[in-house]
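In the block that follows, a single chain appears as structure tokens, in the form predicted on its own.
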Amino acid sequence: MSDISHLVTALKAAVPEAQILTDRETLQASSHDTWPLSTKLRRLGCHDYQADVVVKVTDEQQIQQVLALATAYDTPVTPRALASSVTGQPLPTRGGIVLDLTGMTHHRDINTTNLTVEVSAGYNGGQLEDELQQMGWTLGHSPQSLYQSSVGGWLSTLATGQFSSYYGGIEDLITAYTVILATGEKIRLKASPRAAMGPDLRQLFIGAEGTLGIVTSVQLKMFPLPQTRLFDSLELPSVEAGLTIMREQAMAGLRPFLLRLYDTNEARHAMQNPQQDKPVMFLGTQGVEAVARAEMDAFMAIVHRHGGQSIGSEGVLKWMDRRFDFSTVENLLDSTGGFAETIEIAHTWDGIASLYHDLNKMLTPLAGEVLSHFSHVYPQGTSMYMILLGREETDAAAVEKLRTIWRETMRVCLEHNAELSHHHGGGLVRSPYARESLGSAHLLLRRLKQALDPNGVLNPGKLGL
């Protein structure tokens, strides 16, 4: 950026000087999130996507002032909160301003009559869930990154959680939110409890990754903690049998809150048993006791019909206790040459099995271990995780291996006409494929961008924009 000193001077006139950061350490930190490739680059001292200035805002008025200056100085603005993204969403591709939302004044408004809770966008999701559970409530949204992610980040990346088969994704859980446009205008989007006055405009910013506006507060549904929860671990004859069970239970209208199918390779990790030699499914039902038991019985009838059997609840209960732990990936990334990646995609029932086999065939030579599981289920299909663990001689070689893994995975998914992301969003890593993935719909996204952010200052380089 050519005129950083004049911009910084202007920012200091609008926002308290202590909130304007230009020190080397802060700027380098702005170049990284929890994307595995970014983690390896940090170890190599590569800080390719760096802000010119980080502004820690504390309220909506400051956001409006920063955006006005960004427009005046033709400077990009990249919103950032807890930076738990694993695909590079909060990384500034053209320098400029990183808008740090973690210092936003926290508020929490619980309405136990309407079953909603509203919080500031930077609120830590795990903290909110713990506070609600102490009062007998739950968000129903439980991503693995629960304690490392913000509520605004969930909205901006179209996130979903481990219990989505029961509660739905974040798009099903949001009732209202506030967003500030690039122009500085403040917009409230709501439906209480549903609205039919024109299109559902709430959907515009869900999953937009900060390219269309800055989310400042979010109102979410909340639910009473379930009366009963039942668990079982199931051993299955094949991945195909597991996929058939998932499809048939969806057809039957069952609503397990937990439903995860592991192929044999990942089942060894999930069961913490190196001798596990068949795919495994984790199952949980919940609610009023009679309903939870009826659903468990109905599900097990489908399982038995396809050659599955119960192996007890110990495996799934141990997983429940450690489900927020991703130290295996973190430790591998933090070692010389170690690499790990989790790529989630989605496909229809008639395409998911062939996609699974083709991806495994392509990825197996590229990593020490290739693990797969299916964990978010719909009447029309399911998501699938591909988890890669391996080691190269150097971190530089690990970086190149990660780039190859992403490039080849996206190629195969496009060939299968699969969805390139189920819930981690696009970020930097998927942006080159956004236009092909969205097809003609990308024209609509570009038109929205032009209308809402005509100067193109908000989070450039994401979603193929």
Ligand SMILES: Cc1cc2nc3c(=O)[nH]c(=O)nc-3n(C[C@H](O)[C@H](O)[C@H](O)COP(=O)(O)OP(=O)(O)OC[C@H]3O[C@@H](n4cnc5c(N)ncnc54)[C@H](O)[C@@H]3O)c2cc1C
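Note that the coordinates shown come from a computational prediction; the quantities given were computed from them, not determined experimentally. Heads up: residue numbers just count along the shown sequence, starting at 1.
We do not show the form predicted in complex with the ligand, though everything after this point is about it.
The candidate spot formed by Ser165, Ala250 and Thr348 lies out of contact with the ligand in the predicted complex, as no residue has a heavy atom within 4.5 Å of it. Using a 4.5 angstroms threshold between heavy atoms, Asn360 stays clear of the ligand in the predicted complex.
In the predicted complex, His424 approaches the ligand with a heavy atom inside 4.5 Å.
In the predicted complex, the ligand sits within 4.5 Å of a heavy atom of Ser149. Although the partner is absent here, Ala267 lies well away from the ligand in the predicted complex, with no heavy atom inside 4.5 Å. Out of the listed residues Ala340, Leu189, Ala83, Val239, Ala83 is the one that sits within 4.5 Å of the ligand in the predicted complex by at least one heavy atom. Contact with the ligand in the predicted complex, defined as any heavy atom within 4.5 Å, is confined among 308-316, 388-396, 225-233, 141-149 to 141-149. Residues of 301-332 that come within 4.5 Å of the ligand in the predicted complex, judged by any heavy atom, reduce to Phe326 alone.
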